[in-house]
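Just the one chain here, laid out as structure tokens, in the form predicted alone.
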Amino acid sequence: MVRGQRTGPANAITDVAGLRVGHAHRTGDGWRTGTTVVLAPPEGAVGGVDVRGAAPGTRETDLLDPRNLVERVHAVVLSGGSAFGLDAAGGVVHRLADAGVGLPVGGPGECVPIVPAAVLFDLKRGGVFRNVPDAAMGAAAYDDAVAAPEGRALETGAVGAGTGAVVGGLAGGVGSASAVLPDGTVVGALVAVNGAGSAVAPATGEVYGAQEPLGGEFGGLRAPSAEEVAAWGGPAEVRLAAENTTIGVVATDLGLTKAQAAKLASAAHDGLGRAVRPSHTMVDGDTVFALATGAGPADLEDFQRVLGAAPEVFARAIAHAVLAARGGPHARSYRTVFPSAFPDGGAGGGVGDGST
């Protein structure tokens, strides 16, 4: 961990200047899925990506190769719905184009928004296989991001792309975290956790990603009782079916080149490997995008500090997703399985935690 760092005011990716986040989702009547948009400033952000899982569903990742032309992206879409859910990105593209935001390609108002996307598998977790995000849901998530007032708390848990997520047999979800480095540089992450592996240690019931907190961010979380761990029985076995995938964004207000952004995305995968075990499997499509909003490029020393912070921030974001998740018919929540881990005895599970 980088010495002297602290969380940002929101402890979320929105602590990175210029970034906004919006969610759209639907549950009930056969639905349990959604879409999350990370919206860059109008001028875009330098983008990078690293795809480590063997079963990815993505859009515009080839464009982010440092050898290719376009430097900046205007939004990143994370969505449920497996390959069907890539349609959500189209709704964001059209909303951006309507706002005049995109890569200029002609006369006034003629632009092409650059919107990379990745999807996770949550099909049939609400009951109906083809109830999936579409362009309208992507547009709704964009609208939510645009409407977000400055300082609005970022929703986490069973929202947006994490609405139907599952990790290691427990409810997954969306999580976020940030770190402010001693020189003031901010690193943030947002993740939708839906891994084949487990975010929870089998022997102790502790959340892997919560082992290196900043300050009191996890609110007195402790190891659950031995009785609860025994009753849990351990994480679900990794099934040989591509029904998983953890997807996310790591961002900084440091200025980076496109190649540096790709390296930042790679560093965040180290945090995924710490927080979900195993990760990057044959049945995960694990994908991390990187965004850099500052003017650059960064010098080597500054960039190295950001690379050092990224794994911890990404791992903490995964922990927040698991701890905020609400369960239901698709999976039990961590809070329901391990209530003794919480100072309130699990009573803060919230409306909608229908775990049994």
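Keep in mind the model is a prediction, meaning the values are calculated, not measured. Throughout, we count residues from 1 along the sequence that is shown.
The protein also exists as the form predicted in complex with another copy of the chain; that form is not presented, and the subsequent description refers to it.
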**Prompt:** Between the options 136, 223, 97, 259, which residue brings a heavy atom to within 4.5 Å of another copy of the chain in the predicted complex?
**Reply:** 97
**Message:** By the heavy atom within 4.5 Å rule, which residue out of 229, 214, 210, 93 makes contact with another copy of the chain in the predicted complex?
**Reply:** 93
**Message:** Given a 4.5 Å cut-off on heavy atoms, tell me which of 145-153, 186-194, 161-169, 107-115 is the interface stretch with another copy of the chain in the predicted complex.
**Reply:** 107-115
**Prompt:** Is residue 53 one of the residues lying within 4.5 Å of another copy of the chain in the predicted complex, judged by heavy atom distances?
**Reply:** yes
**Asked** Does another copy of the chain come within 4.5 Å of any heavy atom of residue 29 in the predicted complex?
**Response** no
**Asked** Taking heavy atoms and a 4.5 Å cut-off, does residue 83 contact another copy of the chain in the predicted complex?
**Response** yes
**Message:** Whether residue 293 contacts another copy of the chain in the predicted complex should be assessed with a 4.5 Å heavy atom distance threshold; does it?
**Reply:** no
**Item:** in the predicted complex, residues of 106-131 near another copy of the chain [heavy atom within 4.5 Å]
**Value:** 110, 111, 112, 113, 121, 123, 124, 129, 130
